[in-house]
Structures are given as C-alpha cells and as structure tokens.
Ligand code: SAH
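Take a look at this single chain, the form predicted alone, given in structure tokens.
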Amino acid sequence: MKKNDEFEIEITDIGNDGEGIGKHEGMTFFVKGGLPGDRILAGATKLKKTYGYARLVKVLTPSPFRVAPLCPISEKCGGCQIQSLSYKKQLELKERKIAENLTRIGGFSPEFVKEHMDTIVGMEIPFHYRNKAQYPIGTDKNGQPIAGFYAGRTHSIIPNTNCFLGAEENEIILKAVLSYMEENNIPAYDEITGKGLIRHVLIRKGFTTGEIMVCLVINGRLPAKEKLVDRLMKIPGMKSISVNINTENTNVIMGSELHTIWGEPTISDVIHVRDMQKDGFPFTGDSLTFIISPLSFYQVNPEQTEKLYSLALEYAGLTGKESVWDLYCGIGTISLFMARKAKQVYGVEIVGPAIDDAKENAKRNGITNAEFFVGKAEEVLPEFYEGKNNSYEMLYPDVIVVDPPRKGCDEACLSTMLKMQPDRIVYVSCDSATLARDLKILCEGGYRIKKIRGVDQFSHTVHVETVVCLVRK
C-alpha cells in the first residue's frame, strides 16, 4: 500500500482524539470521522510500519450508532469529536476506555475492574452544558471579523456563533462584539503579523445564578469601549465586562493584566450536593456559593460537577472528625464541601489567584475550618511531612483528595501520600491513563481500590472524568 491508495475498512473503536480505529491487512488505521460500526472507503494519507492514517472517502455501511449531529459544523470544528455517535454509545465507550486503561496500564484484572466499577454517570440532556467558552476572533476572506473555534489541530477559525455545547446567550454576546468591531473599524488580531486588537472573547455563566461575564482578550488599548459596554450591559444576566491585556506573541490565551470596564470583577455560582445513591441524583439540601473571575479555574459543566463532587464527598466517608488534604484544590470547590463534613481541611494549589478565590469562597460560605497553601502539591506536601513541625492531623490525615491535571500526580506527591498513610484516598481524574498508572503505585504501596465510577463531564468529546475510592489494606 502507498499514500492515496483507497481501501475498505471496518471501524471498531475510537482513538484518543476521536478518530475511528480499524485494521486493514494487519495494519491499524486512524480515520477522522469514522465511527465504531462503520464500514467505510478510506484513503491512505500517512503510512508507518505497523499503522497509518487515512481520510474518510465514503461511508459504505453506516454504523447503527451513527446519528445526525445537531451542529452543522461538528465534523470540521475541533470541539465535538463524536457528536455523530449516539449518546448511549458515547457513554459505553467512555466506560470501556476507563476499564481498558485500568487493565492495560494499571495491571488490574478485567474481573476486578468489573466488580468495582459502577455505571458511568451521564447527562439527561447532553447539550448547552458548558458554562465557559473562549472564542478566537479572526478575519474572513472579505475582511470581516469572525468568531468561532479552531479546526482540529490547527489555528484556522471555523466561524460559529451558535455552539450547541455552550450557553445559549453566547450567540447574542458574540454578535454584539462582532457588530461593535465592524462599526468602529476595530481589527481582529493576526497571529502571523502580531497586529490587530481583539484576540479572544471569554464568556462565563453561572448556571444557577444566571450571572454572565464577558472578557475581551486584547492586544493593546480598547477604543470606544463605552459603545461595547452599551451593547453588552443590556443582555439579561450580564454582571461583569472586562478586558485582559495580552500583547505577547504566544498561544496562551490570557495575559496577566486585567481591567473591569463595567459591573463587578466577578460573578458567582452555586453548586449543590447530590445523593448519588438515589435515582435522579436529588439535591440533598447542602450547597455552596463560589465567586468566579476571568482567570479562575471552575469546572465547565455545572450539572455534572455537582455529581462529580458529590461522588468525591461520598467516597471520602466523612463523619466530622477527619483531617483532610485536598491537593490541586483550585478555587476550593472540593475542599469546602469536605470542610462541611470534616474537622479540618488543607488545600494546595499552584495558582496564587485561585488560592485567593478559595479563601474568599470560604469566607463567603462561613467556613472557618479550611486552610489553603500556594505551591506545587509535589513540593508542599513533602515540606509539611518532612518538616515534622506541624500538628498530627496535618502530618497524618484521615483522607487525601487529589484532582490533578492530565499528567496525573507527581512521583514525589504519591510517595509522600503513601508515607502519610491516610485511611482513604479519593482520586478525581481527567485522564484514565495517568490515573491507572498512579493507582498501580498506590496499590503497590498498601492501598486497595474500593470503588470506581466515571462521570461524563464533556459530552460529545472523548474525554471522561473518573472518581476512585482507595482504602488502606
């Protein structure tokens, strides 16, 4: 076989980037747009010794799980990799992905994983769930400003102001920004030349409170800002309008300089605790209010976040007597829920502004038994343990909660956790591959898995969150 050769192939699986996977003549092929169950005609684009990449030429026999996507540009946009797959099948594949990683990377037997894994927590309506969106701004071939999303693995903007994953107000906001740019001759930023003004539009919404925030990321000073404010302030729910200055030639979206030009510098939202043991996951009556700034980390799917954190709280098994360490604590979301049920909570986060938000969130909710530290979890935790100059509760907590980035926990962090020997470890993961790697280390170090459950935080994408409860052997 050579490049551009066409061949028939059956798609049997989904890859990490949402591409279909199948085998042809002993080679594994990755085909963007292919879905499990499809029989397709593919064209080879890149060939290696044992695998290759191909384009989808034609669907010969569609998968029984293939559905018509709501979004007309879902196959071009890099945001929804699997919107053409039925939601039931999406959940099945994500649950299987967790199980396979635990088996292949973690070394746990399929029987063990099946015995300890509960059914993945899905969404009733898996659309319009994102409370945050960052839209790049560019220019079309006619010189008009556009907003949309980058096509997969590129910085080419696919125009789209009506994303089916985002808040419905986003389209109104984007159209207001684009018309403001047109009427005032304000150019979009050009990544190649470094010229132009408007780089991104960040929109955040508190789904419970209805409060909306808009932040324009700009390459300099914003002219005629009162005209922009006049358009945006009339949108129901608008509470905060700001600009973020980013003059660097970088792919990093946000700069460090932030100015509120109308309203408040933050918005707020409420997270409820759910009873995960009952059908429908009813609200238990416990809730917390959080402040959110343009730079804050806050889970983007509020409906599923409530279920995710409720699972973490359930797995922690708190009675009011426990000392808890919450590593990678962000703005204190999990920490403060734990504090409601624990004796004392200590949170660690590398982002200083997030810790400021965590302290403010504690005050706002009347919580006095939570203490927060700025720094890397892999550095802060060993410092406290090896210093031996703190309270017994800090050195030997009853529960440790970890919610690390995709790369998982650092080796020093895992090592110190094992030395501290908490009764329980609650691991919240956004990457089941690094989760499996870390679980293997923790289980070899004296722990056993009690429960595993996936949570679908990012419907129509290949990403999945997982919560695991570990107990000492």
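None of these values were measured; they are calculated from a predicted model. Throughout, we count residues from 1 along the sequence that is shown.
Only in words, not in the display: the form predicted together with the named molecule, which the text now covers.
Checking 296, 344, 299, 83 against the named molecule in the predicted bound form, a heavy atom within 4.5 Å turns up for just one residue: 299.
Screening 180, 372, 108, 328 for any heavy atom within 4.5 Å of the named molecule in the predicted bound form leaves a single hit, 328.
Using a 4.5 Å cut-off to the named molecule in the predicted bound form, not one of 15, 87 and 165 places a heavy atom inside that distance. With the named molecule omitted here, the record of contacts in the predicted bound form names 373-381 of 68-76, 136-144, 373-381, 210-218, defined by a heavy atom within 4.5 Å. At a distance threshold of 4.5 angstroms between non-hydrogen atoms, residue 404 is in contact with the named molecule in the predicted bound form. When the named molecule is considered in the predicted bound form, residue 357 lies well away from it, no heavy atom lying within 4.5 Å. The named molecule in the predicted bound form is not approached by residue 129, whose heavy atoms all lie more than 4.5 angstroms from it. Using a 4.5 angstroms limit between non-hydrogen atoms, residue 334 touches the named molecule in the predicted bound form.
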